[in-house]
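Here you get one chain, nothing else, as structure tokens; it is the form predicted on its own.
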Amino acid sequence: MKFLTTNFVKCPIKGCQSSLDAFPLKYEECQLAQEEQEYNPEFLCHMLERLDWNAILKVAHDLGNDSLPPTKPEDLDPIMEDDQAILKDLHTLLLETQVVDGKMVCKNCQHIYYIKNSIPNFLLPPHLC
């Protein structure tokens, strides 16, 4: 599961849908891997507009990365050399960092979702649907 995906998943349990604690999930005991991806700065600039930066910071912290700036980088220009370094760092984190194995925990209901072989399992037992 790409790090980027963590910004789009939340607890699917009905009782958590309206809770602010259902997003972002808390990541625990995660094994990470780097998988090289084609660099596309334009994609990153467009995607950055849609990301919840506070959630990115929380998940990055869960995974041991506290090096991100506290505020979302804005008005990045893929052509500008100064912005290229930021975009390349974001590319490495968001697109090349894979969560291979681990747990995602809802901070509202404490339900654990497992990640195995980079695939998150969001299937719920019938009593939680």
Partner chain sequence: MSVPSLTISKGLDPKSQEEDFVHNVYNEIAPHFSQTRYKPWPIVEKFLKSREDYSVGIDVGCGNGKYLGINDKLFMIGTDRSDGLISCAQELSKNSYNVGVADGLNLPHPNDSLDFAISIAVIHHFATEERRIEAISHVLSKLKIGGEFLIYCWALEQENSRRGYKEGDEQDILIPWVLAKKQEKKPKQPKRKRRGENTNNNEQVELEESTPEVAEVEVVAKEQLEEEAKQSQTKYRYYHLYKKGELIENALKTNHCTIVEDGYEKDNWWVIVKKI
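Positions refer to the first chain, counted from 1. Quick caveat: nothing in here was measured; it's all calculated off a predicted structure.
Just so it is clear, the following notes concern the form predicted in complex with its partner chain, a form of the same protein that is not shown.
Although the partner is absent here, residue 50 sits close enough that one of its heavy atoms falls within 4.5 Å of its partner chain in the predicted bound form. In the predicted bound form, its partner chain lies within 4.5 Å of some heavy atom of residue 9. Interface residue remark: residue 20 is not counted as part of the site for its partner chain in the predicted bound form, having no heavy atom within 4.5 Å. Residue contact with its partner chain in the predicted bound form: residue 98 places a heavy atom within 4.5 Å of it. Exactly one of the stretches 85-93, 58-66, 71-79, 35-43 approaches its partner chain in the predicted bound form with heavy atoms within 4.5 Å, and it is 35-43. In the predicted bound form, the residues of 95-120 lying within 4.5 Å of its partner chain by at least one heavy atom are, in order, 98, 117, 118, 119, 120.
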